[in-house]
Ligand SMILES: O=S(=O)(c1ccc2c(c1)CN[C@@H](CF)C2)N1CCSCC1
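Presented below, as structure tokens, is a lone chain in the form predicted alone.
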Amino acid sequence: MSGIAAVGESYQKFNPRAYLQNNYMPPRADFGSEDCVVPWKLRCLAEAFATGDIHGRTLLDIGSGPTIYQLLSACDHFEEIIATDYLEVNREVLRRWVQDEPDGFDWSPYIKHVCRIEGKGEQWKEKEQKLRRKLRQILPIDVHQPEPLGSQLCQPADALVSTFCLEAVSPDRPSFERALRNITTLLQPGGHFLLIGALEETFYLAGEAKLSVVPVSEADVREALSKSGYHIHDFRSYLMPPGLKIGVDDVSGVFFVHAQKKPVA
């Protein structure tokens, strides 16, 4: 079995509920501390969208997983948001959230926090409903294919978001770089890309699944983006404090990048 096929096989045991519990509940989601990893990610995203540079008709989220937090600050800047994931179990979690079905993960603390840090006076229920309205498609994707969405996307997106996807589904650095090139074809020239990922991580747990991760450094990420034709506007790193190393992974930190695909010369 090739490295990529083995990764695909390992994800068949992925448990969305366990993944959310490990990463999106306390202690990692402590909204009382701006130094905690989840508020840090939300602030990075909010500040990027607050520049006013990232807007358009369509935002495409690459490898959404079972999460929606990465889309909260995008609501006001795009007419349509498209989520994608390789796993049907994750796409089903997202569909259930859009349809406001019971027993789903409670994202309300996230939405309230984003409303607070954006400071626009928006009610959290308004933001929640806005995202539900704009999240119009939830599509299957394979970032290792030259056309990751097949023929499902009519035209390139105005912007991309991707969180903890590429390094988590790539068996090695070359695969990571190829996956980045593949998804870059989904972005129009001059389009913006917000990328969040794990630094120097080799595995994470999601229920019974132990998923391998290709460890990347800040330099690796910068090099891969440069090779794929991006200009980096902002690069931030977060060092995972000892109190948040809770045995569900071996991540050393998190990176956030705001990059822009270079226009065609």
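Sequential numbering from 1, following the sequence displayed. Only a predicted model underlies this, so the values are computations on that prediction, with no experimental measurement involved.
The form predicted together with the named molecule exists for this protein as well; it is not shown, and the discussion that follows is about that form.
Participant: Heavy atom within 4.5 Å of the named molecule in the predicted bound form: which of Leu160, Ala74, Cys115, Ala168?
Facilitator: Residue within 4.5 Å of the partner: Ala168.
Participant: Could you tell me which one of Phe176, Phe105, Phe164, Trp124 places a heavy atom within 4.5 Å of the named molecule in the predicted bound form?
Facilitator: Looking at the other structure, the residue within range turns out to be Phe164.
Participant: Tell me, yes or no, whether Glu201 is in contact with the named molecule in the predicted bound form, where a contact means a heavy atom of each within 4.5 Å.
Facilitator: Heavy-atom contact with the named molecule at 4.5 Å: present for Glu201.
Participant: Can Tyr19 be called a contact residue for the named molecule in the predicted bound form at 4.5 Å between heavy atoms?
Facilitator: Flag for Tyr19 set to yes.
Participant: Though only this chain appears here, would Val257 touch the named molecule in the predicted bound form if you measure heavy atom gaps against 4.5 Å?
Facilitator: Because no heavy atom of Val257 falls inside 4.5 Å of the named molecule in the predicted bound form, the answer is no.
Participant: Should Leu225 be classed as touching the named molecule in the predicted bound form when contacts are defined as heavy atoms within 4.5 Å?
Facilitator: Output for Leu225 is no: heavy atoms all beyond 4.5 Å of the named molecule.
Participant: May I ask whether Tyr24, Arg28 and Val251 all come within 4.5 angstroms of the named molecule in the predicted bound form, judged by heavy atoms?
Facilitator: Result yes, every residue of the spot touches the named molecule.
Participant: Heavy atoms, 4.5 Å, the named molecule in the predicted bound form: which of 35-43, 49-57, 214-222, 227-235 makes the cut? Say which one.
Facilitator: Looking at the other structure, the answer is 35-43.
Participant: Using a 4.5 Å cut-off on any heavy atom, which residues of 231-245 would contact the named molecule in the predicted bound form?
Facilitator: Met240, Leu244 sit within 4.5 Å of the partner.
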